[in-house]
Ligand SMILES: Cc1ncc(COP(=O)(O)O)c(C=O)c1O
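A single chain, nothing else alongside it, follows as structure tokens in the form predicted on its own.
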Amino acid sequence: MVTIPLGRPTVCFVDLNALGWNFRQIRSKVGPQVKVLSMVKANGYGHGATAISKALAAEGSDAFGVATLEEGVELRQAGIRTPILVLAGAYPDQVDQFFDNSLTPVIHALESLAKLDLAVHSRKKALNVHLKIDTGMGRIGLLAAEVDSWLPKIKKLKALKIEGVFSHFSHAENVEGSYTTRQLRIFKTVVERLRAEGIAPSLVHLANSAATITLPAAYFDMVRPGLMLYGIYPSAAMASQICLKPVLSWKTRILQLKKVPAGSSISYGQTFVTKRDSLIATLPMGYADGYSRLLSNRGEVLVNGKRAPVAGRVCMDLTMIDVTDIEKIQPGDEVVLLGRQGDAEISADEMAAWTNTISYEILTSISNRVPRIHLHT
């Protein structure tokens, strides 16, 4: 059992052994010939990007994916030497930082393509880039349907070298539908067109976590697992196809216990009024820690292996729970917000359902004032 450290007891524990297990399952799934680009953007999906990346580098991750230049620089400063792809691309005034930190930008628009090529060429250098193709996501990327207009410009690049080409599936949780099939077909057509025009990127990639689990046709040269690295299935049905272990648990301790009579109002706005004599526990965490206010009167936590409901509105720094039905409870008792306690478990998917969101948001919303303690045995 992991002990919560002294001081403010609201912490996240990150199991690097589970992370390594998940990576090895991915490697086994895709085989030795397919590279693995591990997605560690958004602070490693809330798990702590530098520690996560070091552990994955030790496991043999071929590359890392981040959202911004700043995220890439953070990994370089932490000693990560593995290739890093910056998915949001590069602004012209960032060119020197990309060179200084050996980062690879994504190109997703003709305007940025021309400006970046000029900026790199003026320095008499060359820069590897990955080309983003919009096959139906409708977000960023060069439209596949307009390949005739942008391909001639790609061929005229002076300083940018097309190392990779990729796209993004619209369905993150299930890639077995007709829309995914259509995106895959469009992507293959664009790649074939590029090669016919003499552009042969060495890294063609498309598969997200769901496709890594269920769609080998989308593997190409490299896969881009994200959520599954952290032990969460894109959909529950995928649990039968690969065995993953949750990496993060979020815990705190009871700050105060208070007996209150029936008719007592708890927290702001009188949204929770006790219907009986009750025992209310206050926890030293709130929405400033990333515990969503939408969990007010809706979420549950684990205390002594049993579930206790959130009572009243989640506050900025404090949250109350109703522990009337839990025996032998004391101030300082461990409370699990996310993870296991005995045989009971609260998953990120369950928390997401309470707040009508997705597990990604649950994980990445845990704020930086919650310490991440990385464990490796």
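A quick note: this is a predicted structure, and the numbers were derived from the prediction, not measured. Residue numbers run from 1 along the displayed sequence.
Below, we turn to the form predicted in complex with this ligand, even though it does not appear here.
Problem - One residue of P105, G136, G164, P225 in contact with this ligand, assessed in the model of the complex (non-hydrogen atom, 4.5 angstroms) - result: Checking each option against this ligand in the model of the complex, the one that comes within 4.5 Å is P225.
Exercise for the section: Go through L87, L215, V95, L203 and name the one with a heavy atom inside 4.5 Å of this ligand in the model of the complex. Expected result: For this set of options, the contacting one is L87.
Exercise for the section: Would you point out which of 168-176, 280-288, 142-150, 109-117 contains residues with a non-hydrogen atom within 4.5 Å of this ligand in the model of the complex? Expected result: Contact-bearing stretch, as computed: 168-176.
Practice task
Tell me, yes or no, whether M39 is in contact with this ligand in the model of the complex, where a contact means a heavy atom of each within 4.5 Å.
Solution key: Taking the distances in the model of the complex, the answer for M39 is yes, it comes within 4.5 Å of this ligand.
Exercise for the section: Report whether the minimum heavy atom distance between H130 and this ligand in the model of the complex is within 4.5 Å. Expected result: No, H130 sits far enough from this ligand in the model of the complex that none of its heavy atoms falls within 4.5 Å.
Exercise for the section: Could you confirm whether F13 comes within 4.5 Å of this ligand in the model of the complex, counting heavy atoms only? Expected result: No, F13 sits far enough from this ligand in the model of the complex that none of its heavy atoms falls within 4.5 Å.
Practice task
Consider S296 of the chain shown here, and say whether it contacts this ligand in the model of the complex, taking contact as heavy atoms within 4.5 Å.
Solution key: Judged by the heavy-atom cut-off of 4.5 Å, S296 is well away from this ligand in the model of the complex.
Exercise for the section: Determine the residues of 191-219 with a heavy atom within 4.5 Å of this ligand in the model of the complex and present them in sequence order; the list may be empty. Expected result: Going through 191-219 in order - heavy atoms within 4.5 Å of this ligand in the model of the complex - the hits are N208, S209.
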